[in-house]
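Encoded as structure tokens, the following chain is the form predicted on its own, with no partner shown.
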Amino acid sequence: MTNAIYPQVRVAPARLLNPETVEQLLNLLAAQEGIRRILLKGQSLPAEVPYGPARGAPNPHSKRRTITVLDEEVELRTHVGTIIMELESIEVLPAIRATCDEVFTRFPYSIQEGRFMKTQATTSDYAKYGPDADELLLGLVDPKSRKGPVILQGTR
């Protein structure tokens, strides 16, 4: 179980983000000390049409791209709308705000403090990872996904 004492923040831009903006923001955030986990939330961008008469056909989408974060190629599978972060301490918040001010110059955003990630293992976590799951993966699982989460090392 993750420790519930870690503060969490949600960055909510006024619009969905382009892959270039996500790449720039993630590279700046990953270089900062004090961020434990980052969760990107948004609309799914499947590679194939998941249902309907065109099921299984390729689903070309201009926002589904491979981005480079910390010198690693990462397939962006969502059209990012919000970024949720778990911090080691709240003193990191001014640096996050400065990073967001640098990236979001053409549209507004808001930063909210609260509880946005699960802090205990869910049934989906148990089913996907078992009883000895890594505590940093808890609450980040998509039960329908056949692919696991993308794990980048960051500053540790």
Partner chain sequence: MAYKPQYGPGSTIVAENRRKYMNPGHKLETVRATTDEDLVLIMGHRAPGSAYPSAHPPLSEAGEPDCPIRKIVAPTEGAKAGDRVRYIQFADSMYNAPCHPYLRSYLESYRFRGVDPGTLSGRQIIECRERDLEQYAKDLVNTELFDPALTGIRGATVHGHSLRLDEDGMMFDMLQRCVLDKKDGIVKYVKNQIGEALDREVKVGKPADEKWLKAHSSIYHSMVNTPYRDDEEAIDYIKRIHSLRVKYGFMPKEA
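All values reported here derive from a predicted model rather than from experimental measurement. Residue numbers count along the first chain shown, from 1.
Just so you know, the form predicted together with its partner chain exists too; it's not on screen, but the next bit is about it.
In summary, the region of this chain contacting its partner chain in the model of the complex, judged by heavy atoms within 4.5 Å and restricted to 127-135, 88-96, 29-37, 50-58, corresponds to 50-58. By the criterion of a heavy atom within 4.5 Å, L17 is counted among the residues contacting its partner chain in the model of the complex.
At the 4.5 Å threshold, heavy atoms of K63 reach its partner chain in the model of the complex. The shortest heavy atom separation between Q43 and its partner chain in the model of the complex is within 4.5 Å. Within this chain, R106 lines the site of its partner chain in the model of the complex, having a heavy atom no more than 4.5 Å away. Taken together, the three residues P13, T21 and G81 all come within 4.5 Å of its partner chain in the model of the complex, as judged by their closest heavy atom.
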